[in-house]
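Just one chain is shown here, as structure tokens, and it is the form predicted on its own.
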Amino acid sequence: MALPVETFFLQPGHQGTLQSQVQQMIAHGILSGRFGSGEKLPSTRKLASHLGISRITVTLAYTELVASDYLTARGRSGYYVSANAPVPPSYQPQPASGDAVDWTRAIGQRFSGGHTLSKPQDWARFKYPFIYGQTDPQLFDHTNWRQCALQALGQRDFAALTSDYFDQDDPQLIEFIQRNTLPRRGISANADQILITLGAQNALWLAAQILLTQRRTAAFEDPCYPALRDILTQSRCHLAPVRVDRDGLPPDGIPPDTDVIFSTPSHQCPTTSTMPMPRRQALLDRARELDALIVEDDYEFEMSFLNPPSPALKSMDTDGRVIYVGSFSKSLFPGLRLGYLVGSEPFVREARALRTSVLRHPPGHIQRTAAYFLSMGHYDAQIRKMSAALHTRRNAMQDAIEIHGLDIAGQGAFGGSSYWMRAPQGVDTRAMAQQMQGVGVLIEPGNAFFSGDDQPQGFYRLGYSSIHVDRIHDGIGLIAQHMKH
């Protein structure tokens, strides 16, 4: 039985080539059960005429479907749905039934309800997106990343693409981090002291799971990265938030019973303050005095475009008590989800085992693509391009903030990609953020960064990694105008 040509139509606005659209249209018909085994498809000439496309496009689509065993060609007779084509499931889905489980009792531990940051998924459509951590497509090296991805998908790298590393990582990526990334931070490590993670957040989770118990105490900065506070809360350890000052975490504020200290010395999150060298040494001394460990989150060191970055805390560590967390999310793009842990071998051994039991390892082809991008020099070129653009935007931000009289609560001495701001007395920045979306302005209210129930409502963060420099002045002007009303 021949399938009527009228049952075939292209979806308007569909992404991809015409050939891929024809292939998907036919494959979907087979997978959905509309086209059965042995049924004859319209001739290439007839389908091309019906769809208003070239005959060669339909012929190429049919040929690809034959190669995939969706179709079979029968000499001069034409094309038919293959007997080996995927068969749609024969069962009928059951109607949704009621839920008799009391989930308030069944759930043993809750992970929702934290003070997480949220960004609109369509942030790019806003004219003034002062949000943090998103990638500006104008600054990303699409061409070379695509070439590296294609190379990683090639036959030469078939093992890297398809192998189960189990508890290991791509040796090329490890080697680059070991020989290039870490030395720029003054850190020396061997391959057994480095573990690839799914971003910095995954690295922080691994560290918390390994180092903390219900009897141990974690000291952390207040305000801090909200996801870190959620991770520590979920670990059920004792929490010791320490209010930061203009130089970051004060060592003398760390309680005497602390076991693990979490800190962001290079760019404190969210105030962006940079910890001076004397305080870094004092923090190491305090950790030694308490026999505590330090987890150093160095998430944004590549963004030091004003002055050379200070040495990492890990580089000053002579006791092996600092665990270093790095990330490519800010310097490449957040969707990459690649970070790394550096620590003593006994710690990394446990982190490797825990990672293996949860997710094995980050995808091999992603690791190999990143390794190519880094080792071929594209990464350094992108960092230079981003640094120049961020420097220009920072100058524009500084000028606009001064002109419009806004109050800066914190700014990094070495660069970064955001300002920590303070609103006038009585302004609730959560309500302000909601209202400003109506005029195309995105800001991040600061309450989520603080611990406790009595969170300050007057702080907010302005990122400038995703907003064009020509729109900064007008966007800041709208914020200032809102403050006056």
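Everything numeric in this text was worked out from a predicted model, so none of it was measured. Take the two forms, find the largest set of C-alpha atoms that superpose within 1.5 Å, and that set is the rigid core. Numbering starts at 1 and runs along the sequence shown.
The same protein also exists as the form predicted in complex with a further copy of the same chain; that form is not shown, yet it is the one meant from here on.
- Considering a further copy of the same chain in the predicted complex, the lone stretch of 245-253, 190-198, 67-75, 402-410 in range is 190-198 [heavy atom distance within 4.5 Å].
- Here the marked residues Q178, N202 and L293 all reach a further copy of the same chain in the predicted complex, each with a heavy atom within 4.5 angstroms.
- Residue-level contacts in the predicted complex: of K385, H391, R216, K127, one residue has a heavy atom within 4.5 Å of a further copy of the same chain, and it is R216.
- The partner is absent here; in the predicted complex, the one residue of R34, R422, K40, R430 having a heavy atom within 4.5 Å of a further copy of the same chain is R34.
- When contacts are judged by a 4.5 Å heavy atom cut-off, I261 does not count as touching a further copy of the same chain in the predicted complex.
- Though the partner is left out of this view, N395 does not reach within 4.5 Å of a further copy of the same chain in the predicted complex, counting heavy atoms only.
- Contact annotation: D164 falls within 4.5 Å of a further copy of the same chain in the predicted complex, judged by heavy atom distances.
- Interface residue remark: S112 is counted as part of the site for a further copy of the same chain in the predicted complex, having a heavy atom within 4.5 Å.
- Shown here without a further copy of the same chain, the chain has only S375 in 370-407 lying with a heavy atom within 4.5 Å of that partner in the predicted complex.
- Relative to the superposed core, E39 shifts its CA atom by 2 Å or more between the shown form and the other one.
- The Cα shift for G29 between the shown form and the other one, taken after rigid core superposition, is 2 angstroms or larger.
- Core-superposed comparison between the shown form and the other one: the Cα of R430 travels less than 2 Å.
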